[in-house]
Structure formats: structure tokens, C-alpha cells
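Before any questions on binding or motion, here is one chain by itself as C-alpha cells, the form predicted on its own.
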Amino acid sequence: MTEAQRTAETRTAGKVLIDGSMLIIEALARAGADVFVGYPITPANLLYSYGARRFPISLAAPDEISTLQWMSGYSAAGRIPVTATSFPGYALMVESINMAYMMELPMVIVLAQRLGPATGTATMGAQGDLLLMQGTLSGGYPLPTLCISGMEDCWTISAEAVRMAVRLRTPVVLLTSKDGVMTLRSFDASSLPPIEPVAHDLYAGEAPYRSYEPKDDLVPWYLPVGNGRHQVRLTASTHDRGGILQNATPEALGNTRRLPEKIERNIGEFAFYELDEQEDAKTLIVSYGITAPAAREAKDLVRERGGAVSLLVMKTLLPVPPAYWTIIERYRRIVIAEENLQGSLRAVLFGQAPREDVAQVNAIGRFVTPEEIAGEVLGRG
């Protein structure tokens, strides 16, 4: 056991003063991620620092473009790479994320949100990047995006991000924020469940390996390059199931159509959310990420004041799991709380058209407060 591992073991043994970054990195490592590649950027610096010490392999890249390129190489070679960044760095990664998505390379990108636009305020949190996740991939394909909504999620959802990346052969974004990764909290780490490491679903057949031949779940078997048994062809250009570059042949276009289908078909396995329903409630609060604690408190305030309300905290953001629509359809009114001006989650769920049954509670440069959410529910918004 390395010194970093011994330190992490101590810090997850009981009640400790800890930040979300430490829990995220430790959970990712225990889940099987074994390479950290990064370029430092606020507010992801603690993730960078912990990752460099905790992972068996760590590399300091000269920039964010190199970061994703190196991660793609490691992923092709059988490793499970991780990086951490914020909006300016993620913007530089977009082309390479598209490449990794097309090549079906598992990896996890931790995105610590900060106030924008542009470089904005590096030391102030926000929830401004959800629509960027929705628009990262050319063609509008779904980029799997999970979101941390509390200290426990730093552990459990981080581990699920690794499992999702490996299980679906895809890049996965783990969305958090400045306040979630940099704030020290007193936390009972002994309550955290054990994490089992994941492994690639390796091809074991005797027939020649076809890199993009799908199984029944539409996810192809995996083999690393240099495996000694089969040739592995990987490409980011339009290709057939064997990885041969093609233009607009039926097989190649069918393979491209499979990319979103494999995510959408299997999203139910990764539909993580928190639901607190009250009998006879007609209003549902919907929130995620750093605003979730305020939404939980607002739910309690409404009930204490004689109102009826339910709460949905979304931890799987993209693609939107069908289970959310089943929940939402049970309510006459939806109140969406998030720390941005434009209402990103509202746009993802309901588009741009105004709806009388959907209300927003928003803020920038500060947290959304429980009183603001409760006031909107009770008709004082």
C-alpha cells in the first residue's frame, strides 16, 4: 500500500474534516480508475493535487488538449483515465471528447463548475455548464453526465461514473462545482459503503476481433491495443463495425446511429436520483448539484408551514432518464431551482417555450436560498 493509499484509508475511517475533492478522487481510484492526467485550473486544483498522489499513474499535461489526447491513448491501452477541469479547460477538450466518444473509449472527466461566462470568477461557484454538456457532441448525441449533490454523492456517484464509462464504453462527465469540491466539512466517512472495482468486458472469442461489433445491449466488447491475441482498430472517423474508415455505407451510418442508442437503451441502469414524495402534493421541486441542499431544506420548510410538496434531486442529468418523466407527470406544477440565470435544467427538460406550470428559482454569484424556493412553492415567489 502506498503512502497516499494509507492516508486515504485513514481519512475514510471515521469522522474527519474533509473536502469533496478527496472523496471524489478516492472513490474513482477504488472503482478502478488508474490514471490521472491533468492541467491545473481553479477550482479543480485540489482534484489535480489529490489525483496526482493517489493514482498509480499520474501525468501533468502541458495543456487541456494534450490531456484528453493522452487519456485517449491510455484508454485504448486498457487503462481507465480520469481528469479534472473547469469551463475554460473543458472548452479546449471538446474536440477530443468528440474523438473519444466516436472511438468508444472509457474515461471520466470531472468538471468543477465556476461562475462564467468565459474565465468569469474562478473562485465563485455556479451551475452554468449543463447546456454545454448537452451540446458538447457534434450532432447532439447524448454525453453521459452525472452530478454530485452532496458529500455522499462524492463517493457513490463518482464510483458509478467509472462503472458507467467502462460498462458503456464512453466518456462520462462528472459534474460538480467550486463549493462542492473545495469546502471543508466535518463528515463521518465510516458511513460510506465499500466500492468494488470495475473491469473491462473483454472479448474472449476466437474469431477475429471487430472493435465495434455490438452485443445485444449495443455496447461492443472491449480489447486493448497490443493485447497479443487480436488486432484492434480504433478510429474517430465514420467507420464500420471492424473499425475500417467508410463514408456513408449503411453499416458505417448504422454504427454511428448506434452510439446514442447504446446510451439511451442502457440509461435506466444508471438513473440515479433522490425522490421524496408527499401524499396529495401537487407541486414538485426539481433541483441538482450544489442547489440540492437548499431544495431539501425548502421542502422541509414548506411542510412545516402546512404546505404539501415533493422533491426530486436529479443525479443523472444526461441523457434524461425516462423515470423522471413518469415522476414529473404526477404533478400539476414544477419548481426548478438552480444557480444560474437562464434556467439550464428547465431548458433541458422543457425547452425554451414558456409554461405556466413550470416556475424557476435562480441566482448567480450566490446560493439559491431555501426561503426563495419555499416562497415560490407557497405562492410568494
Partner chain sequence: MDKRYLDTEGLPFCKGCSHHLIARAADKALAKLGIDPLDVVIVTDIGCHGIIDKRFSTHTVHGLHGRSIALAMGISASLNDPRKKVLVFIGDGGTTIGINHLIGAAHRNIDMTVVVHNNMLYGMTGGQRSDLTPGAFRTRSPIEGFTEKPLDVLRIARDSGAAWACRIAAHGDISDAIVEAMRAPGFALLEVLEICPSYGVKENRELKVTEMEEKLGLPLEKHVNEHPATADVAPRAGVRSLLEGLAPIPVRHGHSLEGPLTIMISGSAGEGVQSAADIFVTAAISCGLEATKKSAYPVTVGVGFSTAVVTVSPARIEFTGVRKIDWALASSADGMQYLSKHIEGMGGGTVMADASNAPPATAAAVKSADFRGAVPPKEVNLLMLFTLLEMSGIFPPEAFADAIAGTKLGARIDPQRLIEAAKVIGSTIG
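Positions refer to the first chain, counted from 1. Everything numeric here is computed off the predicted structure, so don't read it as measured data.
Omitted from view is the form predicted together with its partner chain, to which the following refers.
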Indicate whether E213 is a 4.5 Å heavy atom neighbour of its partner chain in the predicted bound form.
no
Subject >> Residue contact check: M103 to its partner chain in the predicted bound form, 4.5 Å heavy atom >> reply: yes
Closest heavy atom of R241 to its partner chain in the predicted bound form, within 4.5 Å or not?
no
Non-hydrogen atom contact N227 with its partner chain in the predicted bound form at 4.5 angstroms:
yes
- All three of G116, V162 and R333 touching its partner chain in the predicted bound form at 4.5 Å, heavy atom to heavy atom? no
In this chain shown alone, the residue from L132, L168, V232, I195 with a heavy atom within 4.5 Å of its partner chain in the predicted bound form is V232
Note: exactly one of L59, V348, I41, L312 sits with a heavy atom within 4.5 Å of its partner chain in the predicted bound form, namely L59
Counting only non-hydrogen atoms, the one stretch of 134-142, 250-258, 275-283, 152-160 within 4.5 angstroms of its partner chain in the predicted bound form is 152-160
Across 52-69, the residues having a non-hydrogen atom within 4.5 Å of its partner chain in the predicted bound form turn out to be A52, R53, R54, F55, P56, I57, S58, L59, A60, P62, D63, I65, S66, Q69
